[in-house]
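First, one chain by itself in structure tokens, the form predicted on its own.
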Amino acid sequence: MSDKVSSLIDITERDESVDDMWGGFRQIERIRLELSQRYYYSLGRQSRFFIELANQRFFASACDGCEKVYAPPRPLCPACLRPCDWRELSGEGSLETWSALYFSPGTNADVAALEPPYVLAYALLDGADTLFPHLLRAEAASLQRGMRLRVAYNEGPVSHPIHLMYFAPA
């Protein structure tokens, strides 16, 4: 059968000398399957955030009612349920927490290209009330809570516009 299945990796043979009532189910064939799917997704009301990243500008959303500022932006304030407006931030802030990742899930080409270990940081940007999780280009051993960060920009091309930005030590 191995010459008929191009994706065959191997077949595990069962031990015929062992009296095993499940023996007929112990022969296992492993194959390699690669799946791809193309779909279109609208970034909707968050589109301006991504458009401005391409222009190297960082935007958050602000509620006129309770005055909370959300980064990442939200179209509706979860605290008072009013529509939010756009507000440009400086892109500077402080590191609150982080994690060094030694495995890449490879969810898109941008993530698959990351060389582990890489750092996922939660930053509190100046003027914002929420933490912004994103990649931080720095060695995990050099990080300290409260250290200053800045938003830096990639020139592209990228698979998803969120990867037009990353955090870097200020």
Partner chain sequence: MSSLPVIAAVGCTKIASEHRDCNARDLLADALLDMLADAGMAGLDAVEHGLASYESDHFNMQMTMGAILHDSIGMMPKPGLRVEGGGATGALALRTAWAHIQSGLCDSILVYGVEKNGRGLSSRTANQLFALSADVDWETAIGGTYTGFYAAMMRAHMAKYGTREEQFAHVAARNRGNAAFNPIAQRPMDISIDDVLRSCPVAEPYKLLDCSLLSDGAACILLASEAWARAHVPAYQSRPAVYFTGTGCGTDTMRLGDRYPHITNFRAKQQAAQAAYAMAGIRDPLRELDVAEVYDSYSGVEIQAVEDLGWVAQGAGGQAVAAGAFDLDGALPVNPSGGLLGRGAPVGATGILQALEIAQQLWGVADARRQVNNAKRGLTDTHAGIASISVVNIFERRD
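Numbering follows the first chain given and starts at 1. Here the structure is a predicted model, which means the values were calculated and not measured. Rigid core: the largest C-alpha set superposing within 1.5 Å between the two forms.
This next part talks about the form predicted together with the partner chain, which is not shown.
message: Taking the partner chain as it sits in the predicted complex, is residue 72 in contact with it (heavy atom to heavy atom, 4.5 Å or less)?
response: Yes.
field: Partner contact for residue 14 in the predicted complex: the partner chain, 4.5 angstroms, heavy atom
entry: Yes.
message: Quick check on residue 55: any heavy atom within 4.5 Å of the partner chain in the predicted complex?
response: Contact with the partner chain, no.
- prompt: Going by a heavy atom distance of 4.5 Å, is residue 76 a contact of the partner chain in the predicted complex?
  reply: Residue 76: no contact with the partner chain in the predicted complex.
- prompt: Does anything in 38-62 come within 4.5 Å of the partner chain in the predicted complex by heavy atoms, and if so which residues, in order?
  reply: 41, 43, 46, 49, 50 sit within 4.5 Å of the partner.
query: Is there a C-alpha shift of 2 Å or more at residue 152 between this form and the one not shown once the rigid core is superposed?
result: Residue 152 C-alpha, core-superposed: shift of less than 2 Å.
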